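As structure tokens, one chain now follows by itself in the form predicted on its own.
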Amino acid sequence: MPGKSIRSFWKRKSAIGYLFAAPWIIGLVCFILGPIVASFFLSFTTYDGINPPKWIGFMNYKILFTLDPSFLKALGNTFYYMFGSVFLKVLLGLILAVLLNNAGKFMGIFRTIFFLPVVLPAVPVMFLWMMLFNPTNGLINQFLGIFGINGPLWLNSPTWSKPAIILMSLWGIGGIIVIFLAGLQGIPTELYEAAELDGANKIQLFWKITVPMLRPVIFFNVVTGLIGASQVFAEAYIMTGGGPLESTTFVNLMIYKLAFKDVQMGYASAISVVMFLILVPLTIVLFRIYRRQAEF
């Protein structure tokens, strides 16, 4: 029967496809979905990682929102970093990508130069930035001193510690630049030529053609940037340890300290669940804003 042979053929094809996808599916279940479900369960318990977890209901969440001011401070630090770093990365990445797109035959060289810092090991780079941010003999303050400016204490100041880490995050802007360059290469040149014939200048070309045509790329960079920035950990752990005065204690660093230093894994799981429940609606709102703008 032709129908049965076709169905059996597609079943074999599907089986082969699932077989090749099996390593990824197993990894998804074991290392992503499994820990998510376990975190939800452990958030309702007290658990030290050794003894069996004890069910305590919503006690962790009650303590979190009523008795622990450190969480709200860590949450504020995280959102400060998220929106500050993503705004600067997307803005500077777009500007640099537009400039590089007009570099002609040198675009490949400049693209490599900007992307090179992304592939460098993170820990040595952080120690390099710690030297640059040194308030007494760091190169940044020495450069400011040339103009008679007394540089701040940077990582040693509660006011400047988060801006310093945001400034350091721009080191990895190369990935965003490459994505913007790919989007710019996909814009038809006919649009620019027609607009120039109508008398449009460079600024009008940028706002009326480049930005609207790059809207999906901008949205992608914003969403992935916010999700990535919400997971900030190594920068604060290595460079400041969460200080000074908890000014760089981000949510992930707080979770790490509670889970693996204070051995309060149930309470740490509750914080991770709350962060998850914050990021999911935020992402949904961003998608709805993008869809509404796309309709106009």
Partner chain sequence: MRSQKKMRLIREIILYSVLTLFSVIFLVPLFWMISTSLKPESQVMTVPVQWLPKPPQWRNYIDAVKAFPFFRYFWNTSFLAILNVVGTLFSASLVAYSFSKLRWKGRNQLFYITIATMFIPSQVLIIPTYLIFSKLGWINTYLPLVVPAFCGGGAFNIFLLRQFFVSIPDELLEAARIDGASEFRIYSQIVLPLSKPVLFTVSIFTLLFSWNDFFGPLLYLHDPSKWTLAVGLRSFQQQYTTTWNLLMAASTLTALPLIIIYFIFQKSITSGFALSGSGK
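Numbering follows the first chain given and starts at 1. The shown structure was predicted, so the numbers you read here are calculated from the model rather than taken from an experiment. Each form is matched to the other, and the largest set of C-alpha atoms that superpose within 1.5 Å is called the rigid core.
Below: the form predicted together with its partner chain, not depicted.
Enquirer: Run the contact test on 58, 157 and 208 with a 4.5 Å heavy atom cut-off to its partner chain in the predicted bound form and return yes or no.
Expert: The answer is no; none of 58, 157 and 208 reaches its partner chain.
Enquirer: Though its partner chain is not shown, can you say which of 91, 119, 149, 197 has a heavy atom within 4.5 Å of it in the predicted bound form?
Expert: The residue from 91, 119, 149, 197 that makes the contact is 119.
Enquirer: May I ask you to state whether residue 179 is within 4.5 Å of its partner chain in the predicted bound form, using heavy atom distances?
Expert: Yes, contact at 4.5 Å.
Enquirer: Is there any non-hydrogen atom of residue 153 lying within 4.5 Å of its partner chain in the predicted bound form?
Expert: Residue-level check for residue 153: no, no contact with its partner chain.
Enquirer: Answer yes if any heavy atom of residue 163 is within 4.5 Å of a heavy atom of its partner chain in the predicted bound form; otherwise answer no.
Expert: Close contact is absent here: in the predicted bound form, residue 163 is far from its partner chain, nothing within 4.5 Å, heavy atoms only.
Enquirer: At 4.5 Å between heavy atoms, is residue 175 in contact with its partner chain in the predicted bound form?
Expert: Within the cut-off, so yes.
Enquirer: Within 4.5 Å of its partner chain in the predicted bound form, counting any non-hydrogen atom, which residues from 133-158 show up?
Expert: 134, 136, 137, 139, 142, in sequence order.
Enquirer: Answer yes if the CA of residue 282 moves 2 Å or more between the shown form and the other one after aligning the rigid core, and no otherwise.
Expert: True for residue 282: a C-alpha shift of 2 Å or more.
Enquirer: Would residue 67 count as moving between the shown form and the other one, using a Cα shift of 2 angstroms or more after superposing the core as the test?
Expert: No, because once the rigid core is superposed, the C-alpha of residue 67 moves less than 2 Å between the shown form and the other one.
Enquirer: Quick check: residue 245 between the shown form and the other one - does its CA shift reach 2 Å or more after fitting the rigid core?
Expert: No: residue 245 shifts by under 2 Å between the shown form and the other one.
Enquirer: Compared with this form, is the residue 285-residue 216 Cα separation smaller or larger in the predicted bound form, the difference being 3 Å or more?
Expert: It is closer: in the predicted bound form, the C-alpha atoms of residue 285 and residue 216 lie at least 3 Å nearer than they do here.
Enquirer: Since the Cα separation of residue 69 and residue 285 moves by 3 Å or more in the predicted bound form, tell me which way: closer or farther than here.
Expert: It is farther: the C-alpha separation of residue 69 and residue 285 rises by at least 3 Å in the predicted bound form.
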